[in-house]
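Quick heads-up: it's one chain on its own, the form predicted alone, in structure tokens.
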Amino acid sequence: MILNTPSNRRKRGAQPADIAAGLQSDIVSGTLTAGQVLQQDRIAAQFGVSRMPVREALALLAARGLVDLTANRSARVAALTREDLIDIFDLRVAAETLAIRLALPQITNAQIDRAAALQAQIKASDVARFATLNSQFHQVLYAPCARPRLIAHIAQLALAADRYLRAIHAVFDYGDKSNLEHHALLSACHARDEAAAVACLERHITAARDVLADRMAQQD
């Protein structure tokens, strides 16, 4: 059942992108749970549209890895699996280390200071805000790379990772270590030390991957 939550109470006549955004918010937050059936008629009624834009919205979400579509056009919220988790974080390593390499020669002290301010907020945040702030922290450091496709790819991977962070709540176990790694990355950026920044970032992402994968194994 699709809940009548604030994120999916949209104005009538919503476009596929609007519908996808509302459903995406509920999937990432856990309001719509893994494996839950997404009933197209009910979604269409909530957004005041026909089934066609709903199908288009679901196709957008399927491309982002958030929804599974079947041949008979039924849709479910994508499952959370250890294999998918590892795939997401390994892709993050490849994309984000490239971004930091390209960004570091162009990054300014003001941008690094902005990332440091976000890190201060991360340290005081709860799990509901952690993933969003964490994504913003990394985005600020990568922005100087000036590669829009790469940045968009990283943003989609961060969105996929966010589901795992929220669902497993492992950030509470990993928070102190993650904060230390963020500070080490900031120091490497201040020094414009590419090798140190890349190594720190790779350790940071793979360590988070391993913590989350272990938590999933324990829950299974």
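All residue numbers are counted from 1 along the displayed sequence. On a predicted model such as this, the values are computed, not experimentally measured, just so you know.
Here the subject shifts to the form predicted together with the DNA, a form of this protein not shown in this document.
- Of the listed positions (49, 158, 189, 66), a single one reaches within 4.5 angstroms of the DNA by any non-hydrogen atom in the model of the complex, namely 49.
- Here is the short version: of 179, 29, 39, 36, the single residue with a heavy atom within 4.5 Å of the DNA in the model of the complex is 39.
- At least one heavy atom of residue 73 is located within 4.5 Å of the DNA in the model of the complex.
- Although the partner is absent here, residue 15 is a contact residue: one of its heavy atoms lies within 4.5 angstroms of the DNA in the model of the complex.
- The DNA in the model of the complex comes within 4.5 Å of a heavy atom belonging to residue 55.
- Of the candidate stretches 91 to 99, 73 to 81, 138 to 146, 116 to 124, only 73 to 81 has residues with heavy atoms within 4.5 Å of the DNA in the model of the complex.
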